[in-house]
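This document starts with two versions of one protein chain, written out as structure tokens and named structure 1 and structure 2.
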Structure 1
């Protein structure tokens, strides 16, 4: 069984962000980078499926600059078999229709039985790429999956809805699955597997070879939201902060009365 997993490298969301010179994206300097959280579940599900079927071949794909190879190596250490790095220094400016177009172009003749993506990326957060890939390839897609089971080409899935309700869904492969938080427990790569990953194949493909679609939207500017104000910010030493907070709670809430 051939499986494709699409991952994105994103900054740690606790980073201090700055807007870059173009004024349309965040500056990429002084940031810590990691795998998009949703994509960790995608990688884990692919690896678990291979373990269950006792056969399989997992390609992990990532579009980005050379820097994303670090994150790709983590997924190889988690158990993916090979990497397809689509080299693009301008990836952050690509909108979801372009990203999906590139993934679909890569996947179109390769007979992947399953394609896993995250339900959304943490930085851009469009939640579109997985479903668009399914549309472009003409195969079904199911989004926001929190439970997954596979048996002989049939997928039993649960989609998560608001309020913790789930929708039970059945679909046949080939299909695209977009993974939601909590789908599984992503493994930590072990040291031997990190060593093994170093020897795994990491293909490099130029973005120009796969980009066949035109963008449909454009970012005009990026900025920090205006602070709505009102909120009080307290900084200092713990005991002092606690005294200040207790005083406020006594004045403003009936809780400590």
Structure 2
């Protein structure tokens, strides 16, 4: 079984963010970096499936500068077999349609039975890439998966809907699965596996060799929301609340003379 896992390197969400000089993304200085949390579940599920089937070959793909190789090594230490680094120093400027186009172009002739992605990235949070990859490749895609079962090419899945409701979905491979928090418990790489990861293949491909689509959206501006004053909660009976509200409107706004 051939499996592709797509991951992204993102800043630690506890970092102190600043808007960069372009005003369209965050400044990348003084940030700690890690694997996107949703992608950890994707990697773990791929490795569990390989272990279940007693065979398999997992490729982990990541788009970005040479810096992302450190995050890819964690995936290799978790159990992925090889890495495909799509080199792009300007990856943060690519919108979801472009990212999906690059992944689909890489995967189109490699006969992957399953493609795992995180539900969304923690920095951009579009939740689009995995679904777009499925559409571009012409294969089924199932998003926000929280339960996963595989038997003989058939996937029995549960996906999270609004209000805590879950939908049961049955689909045949090949397919794209986007993984939600709680799908599994990602493993910590052991020291022996970390050492083995250093010897695994890590292929680098230039973004220009795979980017075949044009962007469909553009980030015009990024900014922190303006701070606003605290709200006022009124309590009591309806008649008393009405009197309080009228008094506030008279004193604070001048709406009622």
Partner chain sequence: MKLLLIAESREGKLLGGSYELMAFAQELGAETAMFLVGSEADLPKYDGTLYLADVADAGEYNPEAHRALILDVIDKEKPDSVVFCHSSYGWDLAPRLAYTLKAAQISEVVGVADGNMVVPVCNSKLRREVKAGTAQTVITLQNGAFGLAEDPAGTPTVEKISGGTGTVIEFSGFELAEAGGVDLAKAQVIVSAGRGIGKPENVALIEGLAKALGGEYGASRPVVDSDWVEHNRQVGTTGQTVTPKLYVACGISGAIQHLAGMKKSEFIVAVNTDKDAPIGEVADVLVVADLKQFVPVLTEKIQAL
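Owing to the predicted nature of the structure, the values given are computational and were not obtained by experimental measurement. Residue numbers count along the first chain shown, from 1. Here, rigid core means the biggest group of C-alpha atoms that superpose within 1.5 Å across both forms.
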* Asked: Which of the two shown corresponds to the form predicted on its own?
  -> 2
* Asked: If you line up the core, does residue 241 shift 2 angstroms or more at its C-alpha between structure 1 and structure 2?
  -> yes
* Asked: Core overlaid, residue 250 C-alpha shift between structure 1 and structure 2, how many Å?
  -> 28.2
